[in-house]
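Before any questions on binding or motion, here is one chain by itself as structure tokens, the form predicted alone.
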Amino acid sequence: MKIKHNVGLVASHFQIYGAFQEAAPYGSGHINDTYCAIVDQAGTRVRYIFQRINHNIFKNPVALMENIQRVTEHQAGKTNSDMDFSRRALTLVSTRTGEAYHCDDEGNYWRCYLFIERATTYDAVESTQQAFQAARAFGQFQKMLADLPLPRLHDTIPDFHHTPKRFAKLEKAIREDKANRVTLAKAEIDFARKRQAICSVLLDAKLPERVTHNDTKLNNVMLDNATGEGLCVIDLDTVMPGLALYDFGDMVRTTTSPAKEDERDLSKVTMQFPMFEALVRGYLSSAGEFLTPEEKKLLAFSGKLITFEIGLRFLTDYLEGDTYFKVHRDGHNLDRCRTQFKLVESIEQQENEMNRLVESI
């Protein structure tokens, strides 16, 4: 993969000492440009992560970095007594002028983290134990930040999980029908409209606002290579105020089905109950201490709602002419929508059993 930027020049602006050796693209992220750089420090090859923040997606990189700096510093205060503290939370490396980020001559915003050694991320879940560990790590992340002092964090993406507004945007796309696709998506539109009533359930429940991650995919948790333990939550760009159940719901959406997000064979899409159970047990083992009874009661529902919401977003983008999500084939966003809606159906079929499990735990 081609190097797009002069990472060595970028590194020279950070408090990194030693001889810069090399850098290469790193990870599977699609939004930011991420590089692993190697620096020779007195004969030891030390690794760092450099990221160029995609300011076309994140319009206010300064506010975003203020969030990340506050969150990582608070986490450091919670983990500094742990012998493995440097692997329990991301550590920002400051610039030589003491800032959390560097802005280069082209207007790109860069940050640098210590590399977390002896740990790995996985793009797809391989076992219920991985699901348990990831959910436990995300719950621990929320727990550590439950007492983050004021002021409130910045909203890096306003109304990100405001499902009623997502539904209103879908209705607008239907009315305008810019891409002449409404007739092609009639079944999906009918599916969405029949479930409009669920959109406001979490907002109407008056749940407490938390600090939430908002992108709780398995590959945003680093698992220890030796033990499999969920060590560190990464990718903090969308950390902002929200509901704890947004995070749990997205774990259900991204972890419980064995099918890919754009799977065309919908017979492969199903909510696997053992995976859900692993998520519940892992999450409550760490987050259970601070969650309210109402939050716990809505755990299963949150999986259905967040899956439905992402389906709404794919359907809206399809009707608008594929202007937000990258597509690689005709009807790609409609395929994604159908996968989400099929998972919603699978959750609905098992929802009573899911609720009984939560109650039993």
Ligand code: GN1
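Numbers follow the displayed sequence, beginning with 1. C-alpha atoms forming the largest set that superposes within 1.5 Å between two forms make up the rigid core. These numbers come from a predicted model, not from an experiment.
The discussion below concerns the form predicted together with the ligand, not included here.
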item	value
Candidate from Leu148, Leu207, Ile157, Cys103 lying within 4.5 Å of the ligand in the predicted complex - any heavy atom	Ile157
Segment assignment from 312-320, 66-74, 37-45, 295-303: heavy atom within 4.5 Å of the ligand in the predicted complex	312-320
The ligand contact in the predicted complex: Glu188, any heavy atom under 4.5 Å	no
Contact flag, Val62 vs the ligand in the predicted complex, heavy atom cut 4.5 Å	no
Distance check, Glu277 to the ligand in the predicted complex, heavy atom within 4.5 Å	no
Contact of Lys169 with the ligand in the predicted complex (heavy atom, 4.5 Å)	no
Sequence-ordered list of residues in 205-242 near the ligand in the predicted complex, where near means a heavy atom within 4.5 Å	Asp215, Lys217, Asn220, Asp235, Thr238
Displaced residue check between the shown form and the other one: Arg70, CA, 2 Å or over, core reference	no
Did Asp317 shift 2 Å or more between the shown form and the other one, C-alpha, core superposed	yes
Post core alignment: Glu229 C-alpha displaced by 2 Å or more between the shown form and the other one	no
